[in-house]
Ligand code: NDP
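We begin with a single chain expressed as structure tokens, specifically the form predicted alone.
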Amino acid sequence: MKLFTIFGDPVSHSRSPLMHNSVFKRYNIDACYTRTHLDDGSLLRDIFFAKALSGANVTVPHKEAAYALCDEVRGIAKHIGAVNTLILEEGQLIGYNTDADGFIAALQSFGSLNNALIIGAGGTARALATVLRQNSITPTILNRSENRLGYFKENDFLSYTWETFPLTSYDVIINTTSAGLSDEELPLPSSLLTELLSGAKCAVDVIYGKTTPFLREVKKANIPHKDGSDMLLEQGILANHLFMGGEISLDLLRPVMHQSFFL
């Protein structure tokens, strides 16, 4: 049996096991996908091999740690410096990032967008900033503090702290922080968020499965919005395609994974 898991902190809320196990069941694949709560990201590689895993997903806050622990990183993950999908290949740990393409697929229903404000500066923010720019949507990064903005400044992204941020309007506001995942916090001061939403066309929270305080404010602003479910689905399809070595097409994976959201 092939074993897979998702590493994160927190991780108990993750729908990934249901999504991937639905595929394994549907196609009679001898495999199982579980959750692994991980406090210390530096231990991820050791635990991966101790569990004899064939692959894994990585969620907050360990995507940058996963990147550093890989033997090889492929695709857009090399430019992002963050990995959310791991594959064991001939004894080597290979890293990918499926967040980026998954997010762009999820964004399509909003129509044409020129610019975006990304709240947060972690691995997910890196992925989204990179893929947005590749798709001609200009990203700006806004983070509470300066200490995680180095990557963005080095790669010529506009990036600010709460104190240095020049208020302007953006087509889409994206929350990539964990604010609201297990608490009632907003990712920004309420007054600043209200101002930003008043000029936005739409908004996305990458957290899924609950109405976060961020999304409650978005609903008050009466603008189109999404939680992270569509992104979760699309990145999961790409991850499973990698897990299975491309044996199952994306078109066959999509309806099975989509149906798992209703289980």
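Counting begins at 1, following the sequence as shown. Predicted model, so just to flag it, every value in this text is computed and none were measured.
The discussion below concerns the form predicted in complex with this ligand, not included here.
Trainee: Using heavy atoms only and a 4.5 Å cut-off, decide whether all three of G120, R144 and S178 touch this ligand in the predicted complex.
Mentor: Looking in the predicted complex, the three residues G120, R144 and S178 all sit within 4.5 Å of this ligand (heavy atoms).
Trainee: Which among 40 to 48, 202 to 210, 218 to 226, 25 to 33 is in contact with this ligand in the predicted complex, heavy atoms within 4.5 angstroms?
Mentor: Stretch 202 to 210 is the one.
Trainee: Answer with one of A105, L186, L113, L88: the residue that has a non-hydrogen atom within 4.5 Å of this ligand in the predicted complex.
Mentor: Result of the distance check: L186.
Trainee: Could you check which residue among L53, L232, L238, L196 gets a heavy atom within 4.5 Å of this ligand in the predicted complex?
Mentor: Checking each option against this ligand in the predicted complex, the one that comes within 4.5 Å is L232.
Trainee: Although this ligand is absent from this view, report whether V60 comes within 4.5 Å of it in the predicted complex, heavy atoms only.
Mentor: Flag for V60 set to yes.
Trainee: Please tell me whether any heavy atom belonging to H79 falls inside 4.5 Å of a heavy atom of this ligand, as the geometry stands in the predicted complex.
Mentor: So H79 does not count as contacting this ligand.
Trainee: Give a yes/no on whether R148 approaches this ligand to within 4.5 Å in the predicted complex, heavy atoms considered.
Mentor: Yes, contact at 4.5 Å.
Trainee: Evaluate H13 for contact with this ligand in the predicted complex, applying a 4.5 angstroms cut-off between non-hydrogen atoms, and reply yes or no.
Mentor: Yes, contact at 4.5 Å.
Trainee: Pull the contact list for 88 to 116: residues with a heavy atom within 4.5 Å of this ligand in the predicted complex, in sequence order.
Mentor: Contacting residue: only D99.
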